[in-house]
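Just one chain follows, in the form predicted alone, and it is written as structure tokens.
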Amino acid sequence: MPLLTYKAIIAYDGTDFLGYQIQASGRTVQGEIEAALETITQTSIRILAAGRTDSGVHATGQVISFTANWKHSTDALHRALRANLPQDIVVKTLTTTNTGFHPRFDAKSRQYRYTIINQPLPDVLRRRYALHIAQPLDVARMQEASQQLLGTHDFAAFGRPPQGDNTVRTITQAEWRTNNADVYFYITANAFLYRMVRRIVGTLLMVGLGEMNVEDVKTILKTKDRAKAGAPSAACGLCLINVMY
């Protein structure tokens, strides 16, 4: 049987997972997919991903890859995955790719969206996917503050590296959008530090609530001190929506 490399775009509801990355115990996205692949192929398969989302974080555009001895069509493997995965993971697309493809190292940038419901009462049906803020937010001030993050900076004040000690990243998009009570933050970068997006959102929310000045964001960035930044916002509002190659 030929050894083929597959690339998949997956979506998952991160609420009931301890994050993407497999762990010694506990339910993870990687663990569920690898278990499904082992059931289908009767071999142990390790998958690679574009990013390791934290516990409770969602994805609609996560990219994974794996190699497998599979004698049937790609469509048949896609159907088998759909049949063997739990309801909170969906393989949106599955294609073959070159053997050297790596979803993390080949990625040029990643895009996340953070969702906030800004109204007096919570939306009980969306509590798993958005952060509720009852107090009115000054989104214009949040937008102004977010522009100070654009470009290449040392983002040590907003996160720690998943490995090594390099905390320099390049942000190309930091944009707030509104739709009635819904407030969305879109952020794109070449890579992210651990909890970087959630700390950035937590800091910008302080600006929007009048607890911090717009200029304070640049000051915090320069300190490289995580203690100066806002607390990480809730994981439920964060979603990995796109990986660009």
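This structure is a prediction, so every number in the text was calculated from the model and none was measured. Residues carry their position along the shown sequence, with the first being 1.
Beyond what is shown, the protein has a form predicted together with another copy of the chain; the following relates to that form.
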Taking any heavy atom pair closer than or equal to 4.5 Å as contact, tell me whether residue 122 reaches another copy of the chain in the model of the complex.
yes
Any chance residue 21 has a heavy atom within 4.5 Å of another copy of the chain in the model of the complex?
no
Please tell me whether any heavy atom belonging to residue 127 falls inside 4.5 Å of a heavy atom of another copy of the chain, as the geometry stands in the model of the complex.
yes
I'd like to check something about residue 223: if you look in the model of the complex, is any of its heavy atoms closer than or equal to 4.5 Å to a heavy atom of another copy of the chain?
no
Which of these residues, 60, 219, 55, 213, gets a heavy atom within 4.5 Å of another copy of the chain in the model of the complex?
60
Another copy of the chain isn't shown here, but in the model of the complex which of 117, 91, 174, 156 has a heavy atom within 4.5 Å of it?
91
Tell me which stretch of 161-169, 67-75, 144-152, 128-136 has a heavy atom within 4.5 angstroms of another copy of the chain in the model of the complex.
128-136
